[in-house]
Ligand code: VG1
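Shown below, as C-alpha cells, is a lone chain in the form predicted on its own; questions about how it binds or moves come after it.
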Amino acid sequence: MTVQVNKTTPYADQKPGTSGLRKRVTVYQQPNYVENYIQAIFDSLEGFAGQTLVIGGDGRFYNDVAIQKAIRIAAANGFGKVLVGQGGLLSTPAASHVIRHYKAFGGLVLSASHNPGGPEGDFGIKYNIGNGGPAPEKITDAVYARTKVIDSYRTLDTPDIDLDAIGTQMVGDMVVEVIDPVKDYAALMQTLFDFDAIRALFAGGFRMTFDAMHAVTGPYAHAILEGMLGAPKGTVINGVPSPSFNDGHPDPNLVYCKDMHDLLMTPDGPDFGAASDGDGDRNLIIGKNRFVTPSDSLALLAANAHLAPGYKQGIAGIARSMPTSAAADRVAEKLGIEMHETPTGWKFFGNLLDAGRVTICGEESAGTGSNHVREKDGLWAVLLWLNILAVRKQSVDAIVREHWKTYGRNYYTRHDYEEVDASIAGKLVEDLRAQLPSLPGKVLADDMQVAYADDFTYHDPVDGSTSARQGIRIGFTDGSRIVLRLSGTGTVGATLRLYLERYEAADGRHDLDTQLALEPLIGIADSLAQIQSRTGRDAPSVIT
C-alpha cells in the first residue's frame, strides 16, 4: 500500500508539559493537529522500524478518532505492530505494563488524566519510552522543536480498524492486535499482592466503595475487586467509562468525591473508600473517619510495603516530587534507605527505578506507584492499602494514628488558583523569585526564621542531567515549608499551586485542623507572593 506524504504547516502551541500535550478537544480537532504532533514524535525517534508500538487511552471524547489516526501514521512510518486496548481503552499504568511486558519500542497514551472530558473538555497525547515511562525531557524537547518546523506527515488511506474486536487486523503491512485491556494488568497485580488475604478480608464483612468516576478504571475495578477478590457487587460505583465522564470531573479529591468523603464520616458508612481518575494513575484513600492525604499515603505505603508479597524483601528507596511533604523522608531515614526529591512529573522517577535506587514513588497530587511499572498507579495503591488492612487487621484511622506516633505528623495542604491569567501568574512567580536571595535568615510572622529560599534545581544522580526552575521553595528552621509553582497540567490560563507544610513531632499534637495548623504559613505566603491581590481571587479554587 502506498504511503501518503501530506503537506502540513506547523502549530506554535505544541510544547508538551509534564504529562504530554494537553489541550482542549477543539484545539485537537484543528486540521492536522493530531497528525503534526504524532509525526513530530516519530521524527524525533530512531530505530523503531518493524518494532511494536502500544496505543491506548482513557476513553474520553476524541479518543477513538485520534487512535485511528495514530495507527495509520504508525503504519506509514514503519512500525511492525501496534497493540491497542479493546475499545481504545488502556489505563496509563496498564499501558506502561503492556509496553514492558511485550518489550514494545514505546507507546502513545491518549489522555488528559484528571481533566474534564467531552466535546468541550480536554484531550492529550503522551509518548512513553521502552521502559514504560513518560519520555524524558531530551525527547520532549526534540518533539517540540520538530513541531515548530514540520512540513509533512506520513499516513495510509485505509478503513478504520474495529477497536472492539479482540484479535489481529492489518493496516498496510503493519499488524494491529486488539488486546484485553485488563488481563495483563490483573495478572501483574496477582504477583504483587496477597489476594487470598484480601478475599478473606471481604469474606469477613469488610465493606468498601470504589468510585471509578465513569473513567477507565471501571473495567479494572470490576474485574479485580468484585471478580477476583470477591467484593460484593456494587462495591464499584460509576464503573462504566464515558467519553464525558458522565459530565463529571474525574479528579479523585475531596471536591469531586465529597459524597464519598461524607459517607465515610458516618457511623453507617463503609470501612474503606477509594477512587481513581480519568486515566487510572491517581488515587484517593479514605478510611472510616479518616481522610489520608496523598503525602501521608506515600509514607504509610512505604512503611508497610513489606506486608505485601511483592515487597516482602523490603524496598530499596523512596522518591517523592519536591512539593510532596517530607513525611516519606522520615520513613526512609528510619528504614536506612535512599530518599530522593525530584521535580514534579513521573518521568523524573524513571531513571531511579531503572537503576534500582528506589522501589516506591509518590506525588502530592494523588499519584503513588512502584517499580512494577513506570507510571503512577491508582488501583495498585488501593490494592496495597487493602493488603495492609488485611494483614494488620486495624482500621485506616488506627494505622494512620500509629504512624504519626512513630514518625510525627506533617500537616500539609495545597491551594490551587486555577485559570489565572498566564501573564499575571508568570510575573507573580518572577517577582517572588527575585526576593529569594534576601530571605534566608529573616524572621517572619510567628517568629518563623527562613532557613533557605531557592528555585529548586534537580541533578539526576543516574544520568547527570539537570532540571532547573522546578518550583520556589522557602524553608524554615522548624522544618516548615512554603512551595509555589506553576502547574503544567492545565489547558486554560495558568494554575498557581501553593503548598504549605508544618512538622509536628511524634510526641506533639496530631489532631489539629489542617488549615488552622497552617494558618501562619498561609499568611506568610500571601504576604510574600501577594497571590490574592494580584490574581483578584479571595480564595483558592481548590484546597486539598
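As the structure is a computational prediction, the values presented were derived from the model and not from experiment. Don't overthink the numbering: it's just position in the shown sequence, from 1.
Just so it is clear, the following notes concern the form predicted together with the named molecule, a form of the same protein that is not shown.
Arg414: touches the named molecule in the predicted complex, heavy atom cutoff 4.5 angstroms: Contact check for Arg414: yes, within 4.5 Å of the named molecule in the predicted complex.
Any non-hydrogen atom of Tyr499 within 4.5 angstroms of the named molecule in the predicted complex: Yes - in the predicted complex, heavy atoms of Tyr499 and the named molecule come within 4.5 Å of each other.
Contact flag, Thr18 vs the named molecule in the predicted complex, heavy atom cut 4.5 Å: Output for Thr18 is yes: heavy atoms within 4.5 Å of the named molecule.
Contact test in the predicted complex: Thr514 vs the named molecule, heavy atoms, 4.5 Å: No, no contact at 4.5 Å.
Gln51, Ser487, Gln68, Gln29 - the one with a heavy atom within 4.5 Å of the named molecule in the predicted complex: Only one listed residue qualifies here, and that residue is Ser487.
Heavy atom within 4.5 Å of the named molecule in the predicted complex - residue from Gly287, Gly106, Gly345, Gly350: Of the candidates Gly287, Gly106, Gly345, Gly350, Gly345 is the one lying within 4.5 Å of the named molecule in the predicted complex.
Which of 157-165, 275-283, 77-85, 241-249 lines the interface with the named molecule in the predicted complex (heavy atom within 4.5 Å): That would be stretch 275-283.
Members of 346-381 lying within 4.5 angstroms of the named molecule, judged by heavy atom, in the predicted complex: Counting only heavy atoms within 4.5 Å of the named molecule in the predicted complex, the contacting residues of 346-381 are Trp346, Glu363, Glu364, Ser365, Lys376.
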